[in-house]
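Below, in C-alpha cells: the form predicted alone, a single chain.
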C-alpha cells in the first residue's frame, strides 16, 4: 500500500472527478434562467473551477522546483519542476477546454481576446506546453535545466495576475464565486458541496499525478547514469 500511495491518490482523484461530473449534471440545482444565456452550460463549472484550482497548484510546484534547481542545483527540485510542468499542462488544457465549452454556449464565442484572465491563463498553459515539449526535444544538462527553470520562475508571475484579473478587469469572465469577500461569491449549499468535492478530487488527482511523474523522472535519471557508466567502461 505504501509503495502504491501515488497510484491510490490518482485513482481516488479520478473516481472523485467522475463523481463530480455526475453530481454536477444530475444532482446540483440549475441556476436561474435569468442569470445566464445558457443555464445548462453552467454545469461545466463543476469541472472548470476545480481543474483551474489544480492547475494553480501545479504551477506553484513548478515555481518551487524551478527555484530549487536554479539556486541550489537540487535534483529533487528538478523532479518537482518536471512534475509541475506536466501536471500544469494536463490541468491547464482541461481548464481551457471546459472554458471554451462554456464560452461557446454562454457568450457565443469560445474565446475572448480582450479578457485578461482568459489570456493570462492561456499563456500559462502555453508555457507548460513549451516546457514539456522543450524538455523532450533537448538533451538533458545543466544549461538546459537552467533555461527551463528560468522560464518557470518568470512565468509564475502570471499566476497572481490571473487570480486577480477578474477583481481588477472583469470583462467577460465571471468574478470569483468563492473567497470573494462580503461583496458576493456565495453559492447555494448543494452547489458549493459539489464544487468542494471537485476541488478535493482534482487535488488528489494532481498530487498523485505529480508523485508518479517524479518517480518516472528519477528512474530516467538512474537509467541515464547507468548508461553513461556502461559507455564509459567500454
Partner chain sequence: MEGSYYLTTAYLGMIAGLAIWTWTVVTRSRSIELRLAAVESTIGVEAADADSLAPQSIDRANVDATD
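Everything numeric in this text was worked out from a predicted model, so none of it was measured. Numbering follows the first chain given and starts at 1.
In what follows, reference is made to the form predicted in complex with the partner chain, a form of this protein that is not presented.
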Work out which of the listed stretches, 68 to 76, 153 to 161, 103 to 111, 137 to 145, brings a heavy atom within 4.5 angstroms of the partner chain in the model of the complex.
103 to 111
Can we say 94, 222 and 226 each have a non-hydrogen atom within 4.5 Å of the partner chain in the model of the complex?
yes
Would you check, heavy atoms only and a 4.5 Å threshold, whether residue 46 touches the partner chain in the model of the complex?
yes
Taking the partner chain as it sits in the model of the complex, is residue 15 in contact with it (heavy atom to heavy atom, 4.5 Å or less)?
no
Any chance residue 21 has a heavy atom within 4.5 Å of the partner chain in the model of the complex?
yes
Although the partner chain is absent from this view, report whether residue 197 comes within 4.5 Å of it in the model of the complex, heavy atoms only.
no
